[in-house]
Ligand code: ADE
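Next up is one chain by itself, shown in C-alpha cells, the form predicted on its own.
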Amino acid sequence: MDITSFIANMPKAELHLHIEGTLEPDMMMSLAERNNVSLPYSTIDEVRAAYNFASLQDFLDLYYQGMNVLQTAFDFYDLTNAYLTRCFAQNVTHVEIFFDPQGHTSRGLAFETALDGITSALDEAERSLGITSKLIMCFLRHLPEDAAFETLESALPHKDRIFGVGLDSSEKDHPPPKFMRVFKAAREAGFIAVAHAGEEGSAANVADAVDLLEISRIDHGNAVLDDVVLTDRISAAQIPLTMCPLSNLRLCVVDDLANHPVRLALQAGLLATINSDDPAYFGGYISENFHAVQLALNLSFEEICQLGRNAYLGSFMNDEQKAAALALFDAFAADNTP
C-alpha cells in the first residue's frame, strides 16, 4: 500500500475540530433559506470566494457571521451529522469536538439549542457508525471572563453531555491569565480543561495555559518549539498538541506547509497530532490535512503512524477504549506498512 492509500484507510482520531467550522457553503445557503436569514452572498461561489483570509481575525469575522444561519436544534443536528458522515468516510473512529455556546446565546438562542442538536447527532453516530466522541465547550477569549462564568453556569446541569472546557477565538491581546478564575471553577466542577495557545501567540502563552489554566491538552501549540526549555518540559509531560496544518496555512501562521513544525515536534518527542480545525473554511478535513502535510514535508510511514497513534494516546478516551483503539491501529499499521 502506498502512503496516500495508507493515510486514506488508516483509523483516525480527531481532537481539534470546531463544529461550527464545518459549515460548508452549500449548507450555509441551505440553512439561510430554511430559516429566512439574510446573507451578504447570493451564490455558493460567492461564499467560497469570501473564504480567503489574511489573518485569524479575518476568518473569525466570517465565522461568526456564518453562525447566524444556525437557529434550531435540528440545524445543529444537521451540521454535526454532516461532519460525522465525512468522518466515517475518512475512517475516523473517535472525535473530540468543540462548540462555541457564546456564539449562539449572544444571538438569543438558548444554551440547550446547540447542545441538544450536537449531542443527538453524536449519540446517533456512535450507535449507527461506531464513532465515539467527547464534547468540549469553549469560552470565547475576546469576551470578558464574566461572560465565561455565565456560560459555565449554563453548562453545569449538562455535565453528563459536556466533557471539558476550552478557550478559543482571537489569541492576540487575550492571554490565558484573563481566564484563570473561570478555568479553576470549571476544573473544580469536574470538567477537563484544554486551551488554544501558541497559534498566533507566543510560547509564553502556552506556558501560562499549562501553568495557570492547568490544561490537559494544548490546541495548536506551534510556538512551543520557540522555547527549548518549554519544549523539553511539554515533551517530558507528554501533554498533547493538536496541530492543524491547513488552518495554519490559510491563516498565515506558516507561509508554506514545507515550514510547518509538525516534524520538528515529533523529533522533539512532543505528542503532536494532526487535525482539521475549521475544515469548511480551511480547505480540508482530517485526511486532507494528513495528505497535505505528508506531501509538503515528505513524511515517512513511520512519522504518519506516530501522528496517527498520538491522536489516540492524546485523546480523552478511558484506558480500556484507548487500548482497544491502539490495538486496531497497530494491527492496521502492521498489515499495511512496507
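Numbers for residues come from their place in the sequence shown, where the first is 1. This is a predicted model, so every value here is computed, not measured.
One more form of this protein should be noted, the form predicted in complex with the named molecule, which is absent from this view; the next part is about it.
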Check your understanding: Where does the named molecule sit in the model of the complex: which of 32-40, 270-278, 295-303, 309-317, heavy atoms within 4.5 Å?
Key -> 270-278
Check your understanding: Any chance all of H18, S169 and S247 sit within 4.5 Å of the named molecule in the model of the complex, going by non-hydrogen atoms?
Key -> yes
Point to revise | Contact test in the model of the complex: Y63 vs the named molecule, heavy atoms, 4.5 Å | key: yes
Check your understanding: Can M28 be called a contact residue for the named molecule in the model of the complex at 4.5 Å between heavy atoms?
Key -> no
Exercise for review: Check whether E199 has any heavy atom within 4.5 Å of a heavy atom of the named molecule in the model of the complex, and answer yes or no.
Suggested key: yes
Practice item. May I ask you to check whether Y285 falls inside a 4.5 Å heavy atom distance of the named molecule in the model of the complex? Key: no
Exercise for review: Work out which of H94, H220, H260, H104 lies within 4.5 Å of the named molecule in the model of the complex, going by heavy atoms.
Suggested key: H220
Check your understanding: in the model of the complex, which residues of 41-57 put a heavy atom within 4.5 Å of the named molecule?
Key -> L56
